[in-house]
Structures are given as structure tokens and as C-alpha cells.
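The chain below stands alone, shown as C-alpha cells; this is the form predicted on its own.
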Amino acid sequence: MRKQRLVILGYGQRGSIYARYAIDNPTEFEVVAIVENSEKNLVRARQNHKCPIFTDYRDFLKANIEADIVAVATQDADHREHAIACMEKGYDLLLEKPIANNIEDCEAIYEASVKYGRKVIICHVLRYTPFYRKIKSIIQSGLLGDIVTVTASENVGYYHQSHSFVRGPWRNKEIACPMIVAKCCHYLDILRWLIGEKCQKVSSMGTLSHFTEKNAPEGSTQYCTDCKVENCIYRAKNVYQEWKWMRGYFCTDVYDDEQANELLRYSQYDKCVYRTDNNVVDHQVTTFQFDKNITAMHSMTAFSKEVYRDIKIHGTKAELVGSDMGKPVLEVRVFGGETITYDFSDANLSGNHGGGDVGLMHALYLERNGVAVDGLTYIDVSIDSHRMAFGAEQSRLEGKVIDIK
């Protein structure tokens, strides 16, 4: 099979993961160009790759680089501009989720893929994990009977919420997109994929309850650097010491702890979590009505110790219960029969998202070489989960049931 020529448009956290896959799997991918305008990201790109590097995507397009696919991993608000320009030039896309910040831009990208005849694969990486692929195979086997209802919970993790959705790029829906889109479109895609039917109606409730100024501890300050409050679990220096992977938003991995802490001081990520301009929800419950009278419920909460997801699928012959936390385990409880347990302790869960990032890239390689891959996340289906997500936000704001087209 032929090695695929990959362009990375946006060498941030996500783009660099796909570039790293190419380094680790040189028989599958070769990075032939990188487009990045952040100096700290350019430092890493130049260290890790010897390909042409551009600071403006327009210069990349003018260079006529021969490539098989462009990985668009820029900020969500830029996806429409970048994706359509690349498709117009003739490139197929690996497009980071969410497709875009609003449903109009999502639809425009989808329509452009049809107009230009380009393939667009959305990075809904959960589909490619051993855990969720096993669930899909169990459903297809008929062991559960007909699906009646699905219940799913998305536990964001208190520290992850504080980083990404209180201090970080997705903290404010006016500059990013609603929480149900930014964080939860992964799982809404999973619901759409597992159920295998189109969603017809959605209803949602949720709000921002905790991360507001009224809950700020007495004596707290605008920045953690100046704060004297003892034992705050959200103190920035401590958060970014324990979860160093999140430092990439204000420094690169070439910095030691002392240098990182200096860059953190008085930055956006040093702000008190109760005193920022965040306005996305910290909890939300959404219900969906699918074809064939199948119902689903999705619950998102910031308030969990770890980052994980739970799922329950109730069928006419059995119920499935599982969690993707740590080493996932699934149980299928057969009515009138035995409980079947699936243990993923020996599964290949390398990389992020429980092995999903690695699984996505390998599936992309196979697809580009003409191998049929079950469940590949093409935009024509992934657009459905975005319609569900934006419909949920409309329902939350307007307090009514929304019809999904």
C-alpha cells in the first residue's frame, strides 16, 4: 500500500498528534508540509520535521504542494475558511472536530465537500477505540435485540473543565462554541453511530452554576499568582504542575517547571476560575428522539474527579453497561441468561482518547489505499451529530423541543 502525503494545517495539540503518528509510522504517512503561525508551535515543528513550513495557509496553497490529505487542526472559528480553501484547491481533508463554531459554517463546509467532490473525514476519534468498536459489534450481532433507549454521561473532570472551558479557548461561546458542541460532539457522534438512526427531536437543560464570581472564595484575586486562599483545587500553578500536558497552551515542552511557571504568571491560564469571562455551561442534560422511537439521554458534568464516559444501552434482549475509564470493561446482561464481560486490559490503548487517535490515523491510511473501513467518520454522517448539538443549545436557550432537519 502507498504511503500517504500529509499536510498539517495547525501544529497545535491536535495537529502535532497527527504529525507524530506519521513519525512513528513512516510506512503509512509522510508529513510534506506544515502551516503554523504561533512562534511556540513553530519551534516544535522545526525541531521535529524537515518539510516546508509556512506561516500563512495562502502561501501553502500557492506552493502547489503535492499531498493526499490536509489535516485541518486550526481553531474552530477558522475551519470554514481553511477547509473550503483547501477543498477548492483540490485537497481531501482530515478535519478536527467540531466541524465549525456554528451550524451555518458546518453546513457550508459540507456543501463545499459536495460541490468540489472532496472527501472530508471528521476527527470523531472515539469511534476508533477498541471500547466503542466492540459496543458497535455487539449491537450488530443482535445480542441486545432492538435498541430501545441509551443513557450516556460525559464526565469532563474538574481540572480539565477549569483548563479548557473556564480559562481556555472554549470558555466563551462568543469566541468559540457552546459546550455541547466543543466537548460533547464526540459523544453525540457516538450516539448517532451506535443507534444507527437519524435524530428527529432534541430537548436540553443546563447552565453555568459554579464557575462564577459569586462563588469566588473570600480574599481571592484576579490571578492565582497573587491569591492567598489556601488549598484551592484550581490554583493554576498546582494544576499545571500535576497535568503538564495542558501546559502546551501557554508554553512548549522544551521548558522546565521554573520556566513554565514564569510563563504562566498573569497569563489567561493564571486567572481565578471564578473571575474569568467564561460563559459556557458546567452541566447539561440533553434528551434525543431518534427514528423507530429510540430515545437517548446525554448528561455532561464538570464535576468529576477523572475524565471518563459511561454508557448504558437497553435493548429488547439484553442491557449493555460500560465505562471507558482507565482499562475499560463492558458487561452485557442477557435477560434470562448469563452476564457476559468484555475486559479491555490487553487492548491497544496507546495514545490519546483510549487509542482513538491511533485508530483514526490507521483507518485513514487504509481508506486512502482503497481498504473498506467500517464506520469511518465522513462529514455526510458527522454533520448529523452537529445538528443535534446545535439543536440542543437552541433548546437550552429557548426552553423548547427542537426539530432536527
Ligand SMILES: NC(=O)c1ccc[n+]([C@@H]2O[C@H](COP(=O)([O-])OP(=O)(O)OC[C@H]3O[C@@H](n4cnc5c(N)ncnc54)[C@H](O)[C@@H]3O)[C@@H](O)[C@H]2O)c1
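By rigid core we mean the largest C-alpha set that fits within 1.5 Å across both forms. When you see a residue number, it is the position in the sequence shown, counting from 1. All values derive from a computational prediction rather than experimental measurement.
Beyond what is shown, the protein has a form predicted in complex with this ligand; the following relates to that form.
- Taken together, the three residues T287, I311 and G391 all stay farther than 4.5 Å from this ligand in the predicted bound form, as judged by their closest heavy atom.
- Although the partner is absent here, N369 is not a contact residue: none of its heavy atoms lies within 4.5 angstroms of this ligand in the predicted bound form.
- At the 4.5 Å threshold, heavy atoms of N155 stay clear of this ligand in the predicted bound form, well away from it.
- Although the partner is absent from this view, H163 stays clear of this ligand in the predicted bound form, with no non-hydrogen atom inside 4.5 angstroms.
- Using a 4.5 angstroms threshold between heavy atoms, E107 stays clear of this ligand in the predicted bound form.
- Only one segment in the set 226-234, 265-273, 318-326, 72-80 has any non-hydrogen atom within 4.5 angstroms of this ligand in the predicted bound form, and it is 72-80.
- With the partner removed from view, the residue among Q47, T339, T27, N37 that has a non-hydrogen atom within 4.5 Å of this ligand in the predicted bound form turns out to be N37.
- Taking M179, V202, C123, C86 one by one, only a single residue has any non-hydrogen atom within 4.5 Å of this ligand in the predicted bound form, and it is C123.
- For the partner-free chain shown, just H186 of 181-196 comes within 4.5 angstroms of this ligand in the predicted bound form, judged by any non-hydrogen atom.
- After superposition on the rigid core, displacement of the C-alpha of V43 between the shown form and the other one amounts to 2 Å or more.
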